[in-house]
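One chain follows as structure tokens, the form predicted on its own.
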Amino acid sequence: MLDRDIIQNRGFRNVNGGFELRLRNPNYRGIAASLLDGIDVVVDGEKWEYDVPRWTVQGRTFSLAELRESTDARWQLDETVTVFVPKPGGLAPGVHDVDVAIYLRRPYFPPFVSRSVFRASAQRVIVPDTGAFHYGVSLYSYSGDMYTSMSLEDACAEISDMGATGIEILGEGNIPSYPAPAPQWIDHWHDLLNRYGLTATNYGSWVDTAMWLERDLTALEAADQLKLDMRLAARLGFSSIRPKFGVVDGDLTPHPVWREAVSRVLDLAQELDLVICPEIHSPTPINHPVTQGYLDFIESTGTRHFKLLIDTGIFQTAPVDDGHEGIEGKKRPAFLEPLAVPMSDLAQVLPHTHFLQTKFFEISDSLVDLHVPWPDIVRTLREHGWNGWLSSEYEGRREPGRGLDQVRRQHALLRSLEAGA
């Protein structure tokens, strides 16, 4: 599925000798490639004239002169073309203002008006290739776009296009016919992972302890729910699962059934080679009885199959006002208030941390996160040799396509910080 914008989100990258951008056909019909009559490209005020860029159409690369002589290449409405722009060293990582003027000749018009111009502008992000961390994306980042303007394959292509290699999903949010997807869908899932070079990282699940009005789940019922999701996660190739137990207070204290339920499934976790990762999520800090309870469980069981998942919203240093509905007369929900957990607390639990959901809300045009102190986080991870998955979890405003742009900004920011560190 193509982006509505003429300048596509995918395909904007540095290559040897310059950079590339990808375009969809701005016309209402497909045309012969011989009718392409050049493209002006302007990036951050620097201009390349219409006859300078080279075009890749249906897998073949042409100069403008070669396009005009071509006889068997076409630009179809459902296909993109790639435009190469020469620039030694390419573009700097980050957000760029991109303007194009695409010239097409329309042979059914009179000669004096046959050369038409289609203009488009967009902000697009260059994501650097460097990175020793394992970078991934949670499909939660694309909420609102998934299954409306984006298919699962679109999401996989987007993640791969920015150079990330991990994909995190929500079982009940992203799997058709959950909890029993069709075998054909499972085959399709594995085919997409192979095609786009992706690794299934973390599977988000729920244990709905308050499923019924009159009673809570028993430990046995909670364990059965966990087992169902663990088996499905393993079939899909995931290495960890985040069970979100129902909570009993505003500190996100999990229902007491969690301990017995997890104890009942540790043997299965070992059999499936899955790590069970409860989430440390704002407004619960690291130095808190909830987190300590998880650490005590790790120590008492000695298991390698139960570790922490840290949501980086706990490090937030500024409040978020992004349209989330407030509760109990407050301006914003508690998890949008700055908790500002210190880096020393993160360092203490890193040995027991399996996964980082790199939660964020907004990154500016200059690659500055307005709420989360990424320089401090990246430095702490590097200093303590942590090299697990960093999985983008965008939770800002949900205008169409905003999550795609913001995730790319976060990857550009994190990789730039890592290279600088």
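Only the largest set of C-alpha atoms that superpose within 1.5 Å between the two forms is called the rigid core. The numbering used is simple: start at 1 and walk along the sequence shown. Computed from a predicted model, the values in this text were never measured in an experiment.
If you look for the form predicted in complex with a further copy of the same chain, you will not find it shown, but the lines that follow are about it.
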Scan Leu170, Ala223, Leu192, Ala234 and let me know which has any heavy atom within 4.5 Å of a further copy of the same chain in the predicted bound form.
-> Leu170
With a further copy of the same chain left out of view, choose which of Val117, Ala347, Ile298, Ile186 has a non-hydrogen atom within 4.5 angstroms of it in the predicted bound form.
-> Val117
Region of this chain that lies against a further copy of the same chain in the predicted bound form, out of 90-98, 258-266, 339-347, 74-82 [heavy atom, 4.5 Å] = 74-82
May I ask you to state whether Gly166 is within 4.5 Å of a further copy of the same chain in the predicted bound form, using heavy atom distances?
-> no
Any non-hydrogen atom of Ile175 within 4.5 angstroms of a further copy of the same chain in the predicted bound form = yes
Even though a further copy of the same chain is not shown here, does Pro278 get within 4.5 Å of it in the predicted bound form, heavy atoms only?
-> no
So, in the predicted bound form, is Glu418 in contact with a further copy of the same chain at a 4.5 angstroms heavy atom limit?
-> no
Sequence-ordered residues of 145-162 touching a further copy of the same chain in the predicted bound form, heavy atom within 4.5 Å = Asp145, Tyr147, Thr148, Ser149, Met150, Ser151
Examine Phe109 after superposing the rigid core and state whether its CA is displaced by 2 Å or more between this form and the one not shown.
-> yes
